Structure formats: structure tokens, C-alpha cells
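A lone chain, given as C-alpha cells: the form predicted alone.
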Amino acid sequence: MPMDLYFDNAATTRMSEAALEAYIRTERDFFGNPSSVHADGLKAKKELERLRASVASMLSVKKECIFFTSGATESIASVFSSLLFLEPGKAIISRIEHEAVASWLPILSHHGWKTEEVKAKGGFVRCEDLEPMLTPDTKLVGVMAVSNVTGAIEDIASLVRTVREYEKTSRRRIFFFSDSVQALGKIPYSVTDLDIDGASFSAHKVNGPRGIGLLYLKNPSSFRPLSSAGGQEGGKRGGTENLPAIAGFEAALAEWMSDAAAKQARIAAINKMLRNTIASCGLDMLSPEASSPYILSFASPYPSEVFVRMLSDKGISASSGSACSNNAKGESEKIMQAMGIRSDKARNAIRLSFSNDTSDEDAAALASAIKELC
């Protein structure tokens, strides 16, 4: 009988019971529109601000810096579309960014912006590659915190310092943005310690609901969104707030962040065991050592679609890369090639990704299946 093992958590995680209960309770008890001035609306508004303060506390930021969106893609779009209000300048991103970021380059170019992609050999953006690209007209630098394809952890602290040092000579602030979806709760990570100007997060990567995320802005007063619509979220994101989903996000994040170091250590042990299994099969590891323990990519003996189906036939869910890039075939392969991975290995790439729900027993079953198939 096929197993039922899930190893595609970088795409989405199961919604936790705590998150589901919070979602249902909030839908039932706080049904008013937070923008309404009657009693039910004011009750919902109070709950919204309580949830905002709780999420901000878990991220160690001021609640005024947190804005709820429909997900990381919208948070990213809000930042990049806001550039269209400015005089065209230069925007730099890494060659390994998620499509939600990379897709903005042709739009900016169409509106007169200079756009460049800094290389990421081996999966890492280096200061010595970024620094020469900085020019007086540079207005934004975007580098993701953790690769959704390989789990590579970028040295954001050093990259931000490089940008800040350049600002001393250019005398112009550069907005440093980091897509931080795969970093939240999975590596030690603080947007304030890193001096990031903006970051995107998504609930469904940490056992929360789909369709809810947030945008962090270090200095909200200097940020002008392309559209404020109804003026909700401090005028940074219009539309009636999805209060039940926000409650689910808060509950999931609280559960995920509880004893986070111990959870990360357990997942790291699972990751190491599977790395050893993959090596014993003579397969090439695609995730560098300095990677999130929650993502592990390797080159299978067969084309990725074939091996994913072989695993699926055994009741194991895995991925050939980013779920989004499966809708735009070849995106993960392009990112791996930008890292310096040979095209034949990139075409055979398999991504295993874990959550705090992943058990040692499930990981052992996966290891046995990989050995058998290889």
C-alpha cells in the first residue's frame, strides 16, 4: 500500500490545527469590517491591531512596520510597483530571485529603469560582485534571504553593509529589499539586526493559511504604494483586511516560533541523514552546505519529472523545484544554471523540503525509497 509522505513544504505546508481553530473562531466572533465605526467594526479593528502587535513582537519589529497582504507575491509587487512613482534609476537584483521578483525587471525597463542582475556563483551573492554594480542612480537592491530552489542562505548582513558603505559616498539612500519567505522561522533571522528596508513573508510556508502574508517596511512614512485603494493598512494596502486569515497566520507563527532553535536542530538532523543517504547512492548534492535545513536539492538519476512521478507512485510528494516555476517550465533550471550547476544536473533536480511536522519516521521512509529507486 502506498505511503502518504509529504516533502514539498517549501511550496506550501499543511495548515496547523491551531491556525485552523484561530481562523474559524475569528470568522465567527469578529465578523465586522475593521473599517466600520459601529461596535462590531470597532471590535474587529481592536482584534486586528492585537494580532498585528503579536506578529510584530514575534518578528522583533514595531507594529507600525507590519502590513498584512494577500501573500509574499503581493508584498513584492507593492515594493517594486512603487518604484514607478520615482524618477527612473537603477534596480539590482540577484540572478537567483523568485519569479515574483524577477518578473518586475522587464516592467521597470519598459518605464525607463536600468536593471541589472548580480551573479550568484554557487548560489551565493558576494559583496565583491555587488559593490562594482552600485552607481549614484541605484535606488533598489533586492536579494532573497534563502533560496527557494536550493535553500542557500545569503549573507544579507554583509550585502547590506556593502550598500550602506556605498551610500556614504553617493549620499543617496538605497532601498534594500529581501524576499524572506523561506527564512521565517527556519533560520536565525532578524530584519532589524540586518538593517533591511523591506521584506516579504507568507503564512502558508509556516503552517498558516494560504492567501495571507505581510510586508515589512522599516520606514513606512517614506513608502508610497502604487495604489492605496480604500486606505486600509495605514494607506499602504487597500482592501478589507482578511481578519480570519491574519488570526490563522498569528497562531501558526506563534506555534512555529515556539522553541524554534530545537525544531531547527531536529530538522537539521533529518537533513544530514538524507544528505548521507543521497551521497551513498552516488548522487550529486545541489544544495550547498550553508543552506536552510528545511530545503535539500539533489540531482536524481532521471529527469526530474520522471523521478517525482516515481516518488509519487510510492506515495511520496516531492518537487522538481519551485511550485511557481512549475507553471513557467524551466525557471528552477535557469536559477540552478545561474548558480553554476550543469544543465544536465539541473534538469534532474529534485527538491525535498521539510516542515516542523516532518517526523523522523517519515524521513527514514523517504531515505529507504530513494535507495530503492536509485
Ligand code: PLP
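Numbering starts at 1 and follows the sequence shown. For clarity, every value in this text was computed on a predicted model and none was experimentally measured.
FYI, the form predicted in complex with this ligand isn't displayed, but the following is about it.
Visitor: Using 4.5 Å between non-hydrogen atoms, is N148 touching this ligand in the predicted complex?
Guide: Result yes; N148 sits at the interface with this ligand in the predicted complex.
Visitor: Taking 4.5 angstroms as the cut-off for heavy atoms, does R237 touch this ligand in the predicted complex?
Guide: No.
Visitor: Evaluate S297 for contact with this ligand in the predicted complex, applying a 4.5 angstroms cut-off between non-hydrogen atoms, and reply yes or no.
Guide: No, S297 sits far enough from this ligand in the predicted complex that none of its heavy atoms falls within 4.5 Å.
Visitor: State yes or no: in the predicted complex, is some non-hydrogen atom of V181 no more than 4.5 angstroms from a non-hydrogen atom of this ligand?
Guide: Result yes; V181 sits at the interface with this ligand in the predicted complex.
Visitor: Please state whether all three residues G71, M144 and K205 have a non-hydrogen atom within 4.5 angstroms of this ligand in the predicted complex.
Guide: Yes, the whole trio is in contact, each within 4.5 Å by some heavy atom.
Visitor: Within 4.5 Å of this ligand in the predicted complex, heavy atoms considered, which of A152, I76, L217, A247?
Guide: Exactly one listed residue reaches within 4.5 Å, namely I76.
Visitor: Heavy atoms within 4.5 Å of this ligand in the predicted complex: which stretch among 219-227, 197-205, 266-274, 156-164?
Guide: After filtering at 4.5 Å, what remains is 197-205.
Visitor: Could you pull out the residues of 74-104 that have any heavy atom within 4.5 Å of this ligand in the predicted complex?
Guide: Those in contact are I76, H98, A100.
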